[in-house]
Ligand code: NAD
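Just the one chain here, laid out as structure tokens, in the form predicted on its own.
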């Protein structure tokens, strides 16, 4: 695709503009290593200008109080995105390296169906006020009427990763705007074009007032720190690694601003001994979908020790038949990793797994038939002790580790023996048994017997070091509000 197919400008205060100084940086196709084009390389000054615009829009416009305007603008943006759906699809495959198959689900079509529409519909349904009823607070015969009001939190800094960039952006932007906030979005430098396209659509096809949404692309990760440290920003909403989340939380503490953090995971795929192993275990290879670059992917397969050899054989078969390669080919489930740096990181974990005594059954290197692009073979480790590095740390690549368990109690122990608690899967021939085990596992989401929890109305987030707060659902609306309690004299009875 030519450079002209993409939007390269920032969106600041309602205007599409180049970066101050005119600098740009290249956006690479991770499957071909070719340069797709260039995009504005925003500076700290650009970010500060965007923050000031968001602050002014929140403080001086009617955005925070005009619910009808907010609903209309969200639906306008929805229509604009739908009109360019196929261009967005191609763009995502090119810059993310995701298999085109993923765009018909979580990468594009699933969030496009509801990530903006559901929050827009909830604007009028949301419980903005509730009565506590009259009360004599101090027992002195002076009754007070009391209410609780929900109000926008203010200016929200939104920092987005590269693995599902548009999906994550929309699932933050919808609730942020629906609740009456303004925002500044900092996309990942690896995947800027979906964000700059969003900026153009906002500027050209919606009535969103200037400054309500600002989008600043930059090759410098430190430019995003302005959002954490600026006293003009009221909250930071971040999706990404736990290590970066810690840095954001520390930086935000200087101004005591709240943070929403959706961070890493090391989720389980727990197959109980009464499950149909032949039907379930081979599909554990689906952890390679999108090259394993998903925080909620179940990267630890726990199988009954009593049937361990059978399970290893079944999952090995699943890995052997995993189709991967060119992400534009709809028959491929797996494309490249996002960058050379990420590929080296994954290969480093694979070497560490071998050094720590895990048995490598499949993959483990760069595929010979794909010398160009940032590919790593679908990789399967078995005989993995749950205390080893590859069982404990988030690899973010097409790597599955297999660990045996003795009984349900042992499975729960292994599942919870982790710093993370983001997601997971359980399969059993007995639904009640699966639910009972699920209740004991400390994780924010759980699929049982193939059930899918995903949706704009479904809270998503994690326990422990998988994050703070929830995205989507009522909880994902409330997180972008402040709570005000008020009272006034009750009328005499």
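Residue numbers count along the first chain shown, from 1. Worth saying up front: this structure is predicted, and the values here are computed from it rather than measured.
Another form exists, predicted in complex with the named molecule; not displayed. Remarks below refer to it.
Check all three, 222, 240 and 295, heavy atom within 4.5 Å of the named molecule in the model of the complex: Every listed residue reaches the named molecule in the model of the complex, so yes.
Option from 271-279, 375-383, 352-360, 184-192 whose residues, in the model of the complex, bring a heavy atom within 4.5 Å of the named molecule: Of the options, only 184-192 has residues within 4.5 Å of the partner.
Residue 116, heavy atom within 4.5 angstroms of the named molecule in the model of the complex: Close contact is absent here: in the model of the complex, residue 116 is far from the named molecule, nothing within 4.5 Å, heavy atoms only.
Please tell me whether any heavy atom belonging to residue 58 falls inside 4.5 Å of a heavy atom of the named molecule, as the geometry stands in the model of the complex. Output for residue 58 is no: heavy atoms all beyond 4.5 Å of the named molecule.
Classify residue 95 as contacting or not contacting the named molecule in the model of the complex by the rule of any non-hydrogen atom within 4.5 angstroms, answering yes or no. The answer is no: residue 95 has no heavy atom within 4.5 Å of the named molecule.
At 4.5 Å between heavy atoms, is residue 163 in contact with the named molecule in the model of the complex? Contact with the named molecule, yes.
From the list 252, 422, 391, 411, which entry has a heavy atom within 4.5 Å of the named molecule in the model of the complex? Going through each option in turn, the one that passes is 422.
Find the only residue in 247, 130, 205, 307 having a heavy atom within 4.5 Å of the named molecule in the model of the complex. If I apply the 4.5 Å criterion carefully, the residue I get is 247.
In sequence order, which positions of 5-30 have a non-hydrogen atom within 4.5 Å of the named molecule in the model of the complex? The stretch does not touch the partner at all.
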